[in-house]
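Single chain ahead, written as structure tokens, the form predicted alone.
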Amino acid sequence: MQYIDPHIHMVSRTTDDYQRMAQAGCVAVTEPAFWAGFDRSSPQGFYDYFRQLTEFEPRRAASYGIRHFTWLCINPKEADDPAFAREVIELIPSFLDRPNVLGIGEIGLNKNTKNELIILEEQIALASKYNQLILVHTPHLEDKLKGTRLIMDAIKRNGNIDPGRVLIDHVEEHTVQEVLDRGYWAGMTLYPDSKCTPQRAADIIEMYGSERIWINSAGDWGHSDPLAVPKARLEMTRRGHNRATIEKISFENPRTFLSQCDKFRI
């Protein structure tokens, strides 16, 4: 079965990962802009990163038959300095017409600080101005529920954003229902040690259904698994879920959400 990994940081993965993903059935990935493992020292560093995401990485993926799409932003971990963040935000509009750019992401909160919230609101406004899809990063562990609510409230305050064009990622058992109830899409991130395991993701599907939910690996330079999506599909098969449900959360739902951008074609 074909699948889409709608959140994975391929610039931090080896070419062998592309080969293994293609062999497992991956036909497309989307890569949100995020932290590089260190704080960049200048906006020029982000400019070069955006070029990598829009120029080099699509070619590397294509050599394995995988379509590569991306999202652009300044990530929440580097957004606590508003002056610096605004210099980065000024770079983004010039990249929005690139053929693989789907929208603004992954914006959100890291430690739920006042400055992070200010920059979040400014990037929501950027998405609204240019009619872009939004992909949201929610905080970790004990900050997740509070941060998720702060993010959704900020989007609502903007007044021009359709929740159906926003994906709230890294949902867990204590946040997924509220995200869905407010009309947003929900992403479950499959990490070996944190966020959701394939087993927990299957539990969530069994508890909350398969509408407006997808699964992703968010594979990056840390402890993560670029084959997490096919492994979660195997777990659901083991539990007796039918093929239609498995395809829905790993292919049809991502395709439906992402196809709201005319550039997404597979």
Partner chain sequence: MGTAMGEETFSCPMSREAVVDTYFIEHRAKLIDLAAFLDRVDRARSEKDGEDFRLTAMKRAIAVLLDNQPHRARRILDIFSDHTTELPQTAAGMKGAAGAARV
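Residue numbers count along the first chain shown, from 1. These figures come from a predicted structure and were not determined experimentally.
Separately, the form predicted in complex with the partner chain exists; it is not shown, and the next lines address it.
Residues placing heavy atoms within 4.5 Å of the partner chain in the predicted bound form fall in a single listed stretch, namely 145-153, out of 127-135, 162-170, 145-153, 93-101. Of the candidates 60, 200, 231, 40, 200 is the one whose heavy atoms come within 4.5 Å of the partner chain in the predicted bound form; the others do not. When contacts are defined as a non-hydrogen atom within 4.5 Å, all of 177, 208 and 241 contact the partner chain in the predicted bound form.
The closest heavy atom approach of residue 225 to the partner chain in the predicted bound form falls outside 4.5 Å. At the 4.5 Å threshold, heavy atoms of residue 115 reach the partner chain in the predicted bound form.
None of the heavy atoms of residue 122 is located within 4.5 Å of the partner chain in the predicted bound form. Taking the partner from the other structure, the partner chain in the predicted bound form has a heavy atom within 4.5 Å of a heavy atom of residue 80.
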